[in-house]
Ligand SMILES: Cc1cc2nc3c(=O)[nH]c(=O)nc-3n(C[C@H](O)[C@H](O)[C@H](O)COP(=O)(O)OP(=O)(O)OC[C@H]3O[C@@H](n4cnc5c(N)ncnc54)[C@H](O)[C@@H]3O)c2cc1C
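Just one chain follows, in the form predicted on its own, and it is written as structure tokens.
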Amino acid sequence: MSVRFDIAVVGAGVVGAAIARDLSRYELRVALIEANPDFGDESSKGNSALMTEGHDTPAGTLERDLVVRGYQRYMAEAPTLGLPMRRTGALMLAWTDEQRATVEHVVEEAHADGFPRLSLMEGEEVLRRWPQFRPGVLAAAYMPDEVIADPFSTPYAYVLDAVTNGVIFLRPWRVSRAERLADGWRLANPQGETIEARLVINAGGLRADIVEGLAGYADFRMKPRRGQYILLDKPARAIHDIIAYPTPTPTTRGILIAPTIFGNVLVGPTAEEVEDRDDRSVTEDGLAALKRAIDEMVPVLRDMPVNTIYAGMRPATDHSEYQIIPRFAENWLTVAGIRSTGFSGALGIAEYVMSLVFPVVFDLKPTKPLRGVTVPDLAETSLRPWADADRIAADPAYAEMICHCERISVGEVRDALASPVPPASIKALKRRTRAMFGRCQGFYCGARVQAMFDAAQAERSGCEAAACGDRRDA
């Protein structure tokens, strides 16, 4: 017999998680369904983690509106969730007269579109304040309100908030069949389990078109776009601590160089359309393009040690616009084609989805009493547990280092494993704590982190077998 929900959200990337969080404010039975063992395990784990105010999105589009609103909400709500941010600002740099003309136009357009804080900065001032850039800068568009944030803790905060306030998180639960009912949908997974929902919201990210096809829709086709990155080790941030963009061209926005909330410097992404949505290969051509970007913008970084290289995948479609398609007569809402702005736009998208669903499908107000949540602040510049004397005095586990590269304590790993939404893989645990993220990439700490993960998994399995307590996600 199928479990019945009012709403099923398919996909627990940053957008689906934000939607589930907003839905948890209503007196509804909501399921958040994820095909992978953990949330944020596809596009959301491989982005640039920049919270942009929206001036660089196409004017007059829904995307612009939702990114602007998403930025506003994030700046207001992230602190209450414990999410760190740094307003580093950004520069769009020009080295030629043609690039300067483009940069001047960008600033003029931004002012006309309601972004008055962007300004044109002359090259002498740029190099006085940031001498790391390649000589010869003529001008730059200065964007003081651009922010770096935590790409991994953000979807975690949304999911934890949603689950804490009543959303049922089903994982791994891949939708393999969608059957239309008189009053909604029956969804099934390959194991033969089923759920029913009056409304399905497809936020399936890279696989949204597959989910659409199961329901009989074919309005768009996924055209995944791979972005390769180089992550430089932490000494690089002493040299470079601002988001730097090249001047865009008609075909590309180019490769950025930016600090991360964890204290590294990120170079990327490339932009390559690929056929295989799981092809996260790092290629020689991609690495060459990233190295050229360093040489062309901040050549002093070329000899900095590399922490890691990786690739992410953006859920682009054969349309340039967001594919937010209400089909309420058929109890279905599509939220797809979010491309590269999902991190900034997620809370704006979620709010827009609420405006579509209420009161059209459900005539309710968000009056449900809420329980607040916070996630650990993993920012390099925040007070870390190993440096918090009061915290160590209360629990010495926070003084016992397990990951020396990132200075992560046994207490932090233990806490992550005891979360109401525990990590379901060692990679998920890595994203929750930063353990194994450092220059050794887990060479020294990996075995011990794995042992703690395995012990927690065994304890959870034993508890479930004995039906003790409520240790489930759902």
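Each residue number is its position in the shown sequence, starting from 1. Given the structure is predicted, the values throughout are model-derived calculations rather than measurements.
The protein also exists as the form predicted in complex with the ligand; that form is not presented, and the subsequent description refers to it.
In plain terms, the part of the chain that comes close to the ligand in the predicted complex, with a heavy atom within 4.5 Å, is 338-346 out of 338-346, 69-77, 232-240, 132-140. Listed residues Met121, Val357, Met313, Leu81 were compared with the ligand in the predicted complex; Met313 is the one with a heavy atom within 4.5 Å. Contact check for Ala424: every heavy atom lies farther than 4.5 Å from the ligand in the predicted complex.
Mapping the unseen interface onto this chain, Arg198 falls outside it, with no heavy atom inside 4.5 Å of the ligand in the predicted complex. At a distance threshold of 4.5 angstroms between non-hydrogen atoms, Val175 is in contact with the ligand in the predicted complex.
Among heavy atoms of Leu62, none comes within 4.5 Å of the ligand in the predicted complex.
Scanning 407-442 for heavy atoms within 4.5 Å of the ligand in the predicted complex gives no residues at all.
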